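Below sits a lone chain in structure tokens, taken as the form predicted on its own.
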């Protein structure tokens, strides 16, 4: 399936898509609302990931304007019944599952506000790059609500339930350097450098064997949830499947014949 160029270039869309060779750059495009995540935005994210062509091997996700995302569009919560509230969350879960457990690794560029639902979205990515301007918060306690986009699971897995509890109860906001230390980011760069760093990382990931990327994205989270003996069995099975791929054999042979690069720092 290929994307219609008119859709890719449509400035009115709240999630813009640009194909750059083996990577796609998806941009949250609601800067006047600090890229607040409405159901329309979530729906467009879902559709964008679904429609990416097979040639795309990795994705960069970032936000247009001064902020990655200031979170949930609270105007959508006002008239929801309890049943509608559950379904609202389910829409987010479906889209976020497609990102985290899809076909391609995702790098998220975080700048400005990475707050509430914005942090929930960022936590779905496999690699996260923070610019110096990034700040992280979970203000749900102050808004009278609770995390509803999967953050109580995903953010908790990143930094622990005690830290998430403190953030939600007190409104504590962490800066970019603190976020790096906590595990909310993997890389920290100067303002304006996040997209370049993300492209670099995405190209590196796109060059991996597809089955290796699939195993890393799908098996590692599963193993993390399993008792040790189950995890080891899962590891043995996925390792056997991965190394049996023709491309894996070719890459190992290239290494043995000294035709492949060595692991170096930096």
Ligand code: 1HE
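Numbering follows the first chain given and starts at 1. These numbers were taken from a predicted model, which means no experiment stands behind them.
The following text describes the form predicted in complex with the named molecule, which does not appear among the structures shown.
- The contact with the named molecule in the predicted complex, taken as any heavy atom within 4.5 Å, belongs to 74 out of 80, 74, 87, 177.
- Remark: of stretches 133-141, 100-108, 179-187, 157-165, the one touching the named molecule in the predicted complex is 133-141 (heavy atom within 4.5 Å).
- The shortest heavy atom separation between residue 124 and the named molecule in the predicted complex exceeds 4.5 Å.
- Heavy atoms of residue 91 never reach within 4.5 Å of the named molecule in the predicted complex, leaving it off the interface.
- Interface membership of residue 195, defined by any non-hydrogen atom within 4.5 Å of the named molecule in the predicted complex, is ruled out.
- The named molecule is not drawn, but in the predicted complex it has a heavy atom within 4.5 Å of residue 145.
- Counting a residue when any of its non-hydrogen atoms is within 4.5 Å of the named molecule in the predicted complex, the hits in 113-134 run 113, 115, 116, 117, 120.
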